[in-house]
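Quick heads-up: it's one chain on its own, the form predicted on its own, in structure tokens.
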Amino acid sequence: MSDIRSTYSDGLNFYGKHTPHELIQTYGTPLYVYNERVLRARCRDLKSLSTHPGFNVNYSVKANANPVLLRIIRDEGLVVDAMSPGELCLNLKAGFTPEEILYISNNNSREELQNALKHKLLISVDSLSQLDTLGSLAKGGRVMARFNPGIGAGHHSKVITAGKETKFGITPDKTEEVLALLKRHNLTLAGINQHIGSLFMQPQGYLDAAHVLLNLAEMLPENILKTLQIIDFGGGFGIPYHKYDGEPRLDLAELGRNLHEMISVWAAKTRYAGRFLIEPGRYIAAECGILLGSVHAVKNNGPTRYVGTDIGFNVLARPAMYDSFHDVEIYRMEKGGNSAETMEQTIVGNICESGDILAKKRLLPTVREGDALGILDAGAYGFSMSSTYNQRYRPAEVLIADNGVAGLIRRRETAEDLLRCLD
């Protein structure tokens, strides 16, 4: 095998004791490949942001919910959230206890809230109506409330989760109504949380929003402030997707210094002895995953050269949904033909939709039929957003363990899986 464009994964020894060719021969494509060493490193990055005794990292499971990865994340000392009964089920399978799971969701049915209560979870509500509904189900219980700090951030309008144009959170001007509902249902406000959006690369917006949430907490009546056990600042920590352009990383040292000082000073001033959480998903999981695919056809339509692969948007939805950028590595699966020639190419999948585009008009080394591609930073919102659209099977997942050996952690779907829920 000749490596045409692989310096990033080579530098990490990402595939351990294997080559992409060997993994493809064994498991087929499309194939999600995760690296345990990278996953643990990202957990430790965020755990080290603060040494405050109440500080911890609450992993957002929607980014990647494979139980094998969740067990590694738990082993690193992180807690998790759940946004659905399915995520809760996988968290429990991975070994998390109810005390290590926050139920942070929105627009839930009474049945879903009752399921979370049955598992003794602390539930976050993000509207007055959901607070009222939960109060009717759990009078005298505990609750978290999600507030909208009015500061949004993100790489696309669909991932901004605070500000005036988002469905999420309770605006601070509704605080008195929150307090009234707490009193009506004899609920204890055990936590407050927020989320400003996804993929921020500058620390200041996150710090500003954290300051807003702490100010809101400080304005709560003294008896309410005393019951607070959790202040969750949310996630959204970005990663550099433009690896081959040398995109700089988020400055975690600066973020950590400022966040640690902020929470330490505030806790000392208010005598708050509870937990401070951050809620990352992407930062933990994205860089530990590379998606392998095969090139089955190459053609020109007019001036555009199309590289046709088996990575449709049923396998990786982010580029089609958000116009997201993922860097591409190229592995030549046959000897010879290393080419330094580059040309503009558009990489597409095998879904019957014009929007099934992985990479549009990229200047890359010339890709040939029979090559394999590695889609970088696919560990977050990759498999978790996959589907069986066009009735294509969802891919397998493999973990490269610390010792460099690959192991299957999810088998590829089959026709029997598609038929399983039918009469």
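Throughout, we count residues from 1 along the sequence that is shown. On a predicted model such as this, the values are computed, not experimentally measured, just so you know.
The same protein also exists as the form predicted together with a small molecule; that form is not shown, yet it is the one meant from here on.
In terms of contact with the small molecule in the predicted bound form, the residue from 235, 289, 293, 149 that brings a heavy atom within 4.5 Å is 235.
Note on contacts: among 327, 310, 279, 76, the single residue with a heavy atom within 4.5 Å of the small molecule in the predicted bound form is 279. For the three residues 62, 322 and 381, a heavy atom within 4.5 Å of the small molecule turns up in the predicted bound form in every case. Residues of just one listed stretch (181 to 189, 281 to 289, 213 to 221, 113 to 121) have heavy atoms within 4.5 Å of the small molecule in the predicted bound form: 281 to 289. Although the partner is absent here, residue 199 is a contact residue: one of its heavy atoms lies within 4.5 angstroms of the small molecule in the predicted bound form. Under a 4.5 angstroms non-hydrogen atom cutoff, the small molecule in the predicted bound form has residue 104 among its neighbouring residues. Although the partner is absent here, residue 385 sits close enough that one of its heavy atoms falls within 4.5 Å of the small molecule in the predicted bound form. Looking at residue 318, you'd find a heavy atom of it within 4.5 angstroms of the small molecule in the predicted bound form.
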